[in-house]
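We begin with a single chain expressed as structure tokens, specifically the form predicted alone.
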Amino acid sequence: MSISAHDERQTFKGRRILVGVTGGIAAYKSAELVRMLQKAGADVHVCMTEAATKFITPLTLETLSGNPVRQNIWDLRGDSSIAHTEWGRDMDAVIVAPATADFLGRLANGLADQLLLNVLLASRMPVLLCPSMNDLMWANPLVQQNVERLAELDRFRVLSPGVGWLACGVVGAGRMPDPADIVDAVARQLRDNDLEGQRVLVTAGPTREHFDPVRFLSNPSTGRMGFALAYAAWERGAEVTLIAGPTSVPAPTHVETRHIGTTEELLRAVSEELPRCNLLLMAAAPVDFRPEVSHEHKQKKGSGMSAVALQPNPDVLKAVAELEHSAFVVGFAAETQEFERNAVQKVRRKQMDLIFVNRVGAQAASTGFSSTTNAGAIIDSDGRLIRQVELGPKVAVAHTLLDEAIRRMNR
């Protein structure tokens, strides 16, 4: 599962999602996909082709989804209604995973000799197609023609297959996308894309200022809040660039990521990217000071490292305020005391449009640097408290912040 934490947010609560499984070896991954959707709150239904049942049993998917699995085009539902037309009206989205070359060809040409094809043709619901096949088959011009034909239709989105070891024993493009990436993609497909066409720049994580190659000045930031913001903006349709400091937490896979180390590198990266952006989310935790001297080699004990002279780093937010740009700027403040007062001073002094402030330190286990949850307050450029943000997963908090930013950007 990606950092989106769909199960914690119950992303698909109240949503009915149909998972179509066709006859490829990757059908075993469909079980994990169904489980992830179900844990995230979806009411999951499964439709299998006859070929799919050769790779995974209907009982497995029925157990994981909690709903009967349908396969036969001739079956009626218990109330004698017709399955292939009823499902088309009842579902919020369809995921076909794996989608074989045979199935893609039949669908692209409007054939309807299987229940799953009937369901798709007799509906207007959005469809996410997840191809899986041999690498040469995927590269075949006939298959690509079918893929392009489907991708031209607004209803259909085709995820590119992954590259790696295939069942036929070769390395190439043809692997079914990972279930976590599929879940992310359908979440984006179902969400209002209110940031579509917008370029969003996000900074995340700490910076490091080295005394020598093995010692540095830094802070406990993990980048989780910034990564959550980058993911949430992507989920809402934005083109996202993430500037990430050094951290062991994996960055979201769906966004362009630019890695930096020092505060000066952070400022340089922001200055280069900002002119092309509509929204800047400054969630990074840059170090305020750096050593006056950074040694090329490790300094041994007794070599004078007991006292180190420091000099101030650039103030990144203040420097941003002095740049020519038209981006809406959201800053962040992590405070241990005088929570809102310090944030009001910061938002005014550094000329931000909004600031989000949260508590850190020993008394803030649920909102500190390493936590997966957050809470705090949003304050506007005039120092007014806009809203209190309740404790929740960081992606949920990120969406709350984006709600407020988008509302003000659209004024």
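Only a predicted model underlies this, so the values are computations on that prediction, with no experimental measurement involved. Residue indices: 1-based, along the sequence shown.
Below: the form predicted in complex with a small molecule, not depicted.
Indicate whether the small molecule has at least one heavy atom within 4.5 Å of a heavy atom of residue 349 in the predicted complex.
Yes, residue 349 is a contact residue.
Check whether residue 195 has any heavy atom within 4.5 Å of a heavy atom of the small molecule in the predicted complex, and answer yes or no.
Because no heavy atom of residue 195 falls inside 4.5 Å of the small molecule in the predicted complex, the answer is no.
Close approach of residue 100 to the small molecule in the predicted complex, 4.5 Å, heavy atom
It does not: once the small molecule is placed as it appears in the predicted complex, residue 100 has no heavy atom within 4.5 Å of it.
Although the small molecule is absent from this view, report whether residue 234 comes within 4.5 Å of it in the predicted complex, heavy atoms only.
Residue 234: no contact with the small molecule in the predicted complex.
Just to confirm, with a 4.5 Å cut-off on non-hydrogen atoms, which of 147, 238, 334, 107 contacts the small molecule in the predicted complex?
Answer to the contact question: 334.
Pick from 114, 132, 221, 263: which residue has any heavy atom within 4.5 angstroms of the small molecule in the predicted complex?
Only one listed residue qualifies here, and that residue is 263.
Of these, 316-324, 156-164, 210-218, 238-246, which stretch puts a heavy atom within 4.5 angstroms of the small molecule in the predicted complex?
Residues of 316-324 come within 4.5 Å of the partner.
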